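Alright, here's a single protein chain in two forms, structure 1 and structure 2, each given by itself as structure tokens.
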Structure 1
Amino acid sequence: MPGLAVIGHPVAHSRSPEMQMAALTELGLAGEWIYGALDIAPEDFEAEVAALALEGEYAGVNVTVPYKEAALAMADEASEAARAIGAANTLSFRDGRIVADNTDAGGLLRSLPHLPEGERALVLGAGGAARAAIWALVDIGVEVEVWNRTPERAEAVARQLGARAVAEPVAAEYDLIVNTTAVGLAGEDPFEHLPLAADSFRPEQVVVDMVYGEGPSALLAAAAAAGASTVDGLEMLVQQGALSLRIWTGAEPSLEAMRAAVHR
């Protein structure tokens, strides 16, 4: 039975196992495939992933915080997107070799209510998820500005991916705002940690928050109250997860089944 899993640290909060098993069940593959979660400590990451690739029990894994850049560095092969982004969230194990892909970029674009070609976007963060968002948006002709609490990181990522770093963004000036940071995951007030104010949003904007919980994040609640369109981390999870599952199985999973699973 081919194994699949999400790898991270921590990973107990992830809804990927339930979501992917729902998709496999809908496809009629639940008896052939299984999807779980592996919490791997940073000092063990490389050895554990190498073992998974060699042992042959796993067909692949999703990779989440904090391992997306390390996952790409381990790969024997990588897709064009993963190489360009500099991070991987999907690994496939083929005859002992590690093949890296990045479905975060496509997952973001599939989550949006429309493709923002020619528009202006603000990406908050500079990690693997931020790199995927920046690359995806720049690739379709979006003018992207990047903020990070460490300005040097924002400048480095922006320079590498064709965006521009910004120290004090004005939220109302952007058509799209994407929060890729973990701010809000532990219940903290995003407006104390991000360069945004609760009253800084406007209608016609699209606001994406990759953080997810039991209900809308404080960031998305404020954006929705201002009339902006919002996309939560669960929709991103579904869209990138569907692309990963298609890589591994060759089948097109049911988004409806996956959404139902993550919202239970």
Structure 2
Amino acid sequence: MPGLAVIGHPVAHSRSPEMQMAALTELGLAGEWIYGALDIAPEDFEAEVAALALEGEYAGVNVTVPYKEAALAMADEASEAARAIGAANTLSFRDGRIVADNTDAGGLLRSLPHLPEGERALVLGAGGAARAAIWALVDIGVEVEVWNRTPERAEAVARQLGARAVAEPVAAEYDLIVNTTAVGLAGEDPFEHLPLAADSFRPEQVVVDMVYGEGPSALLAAAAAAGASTVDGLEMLVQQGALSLRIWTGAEPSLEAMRAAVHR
């Protein structure tokens, strides 16, 4: 039975096993494939991933915090997206070789209500999730500006990925705003930590918050109240997970089954 898993540290909170098992069940593959969670300590990471690739029991893994960069570094082959972003969230094990991909980029684009080609976007953050968002958006011709708490990181990331750093963004000027910072994860007030005000949104905008918890985030609640379209982190989780599952199985998973599982 080919194994799949999410690997990270910690991973107990991850919704991926339930979501991916729901997709496998809907595809009629649940008897054939199994998807679990492996918590790997930092000192064991390289040896464990090498063993997973060699033993042949696992077809691949999703990679989460804090291993996305380390996962790419271990790959024998990597997609253009993974290489440009500098991180992998999907590894496939093929004949002992490790193939890296990054489906956070495609997952973000698929979670949007329309493709923002030619539009203006503000990406908040400069970590791994921001790099995936910036690369994906620049790749389809979006004009991207990047704000980060530590401005030097925004400048470095923007320079590398073809975007522009911005110190004091005016939120209403953007067609798309993507929060990739961890703000909100521990209940922080986004309007205290991010360069946005609760009344800075407008109806034609799309606002994405990659952070997810129980119910809509304070950021998305304010955006929705202003009439903007909103996309939550669970939708992006579903879309990136569906792309990963397609890479491993070759099958097209049911987004509805995956959404139902993450909202359960």
Ligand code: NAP
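We call the rigid core whatever largest set of C-alpha positions still superposes within 1.5 Å between the two forms. Computed from a predicted structure; not experimentally measured. By convention here, residues take numbers in order along the sequence of structure 1, the first being 1.
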(message) Does the form predicted on its own correspond to structure 1 or to structure 2?
(response) 1
(message) Aligned on the rigid core, do the two forms place the Cα of E204 2 Å or more apart, comparing between the two structures?
(response) no
(message) For I40, does the CA position differ by 2 Å or more between the two structures when the superposition is done on the rigid core?
(response) yes
(message) After core superposition, I'd like to know whether G56 moves between the two structures (criterion: C-alpha shift of 2 angstroms or more).
(response) yes
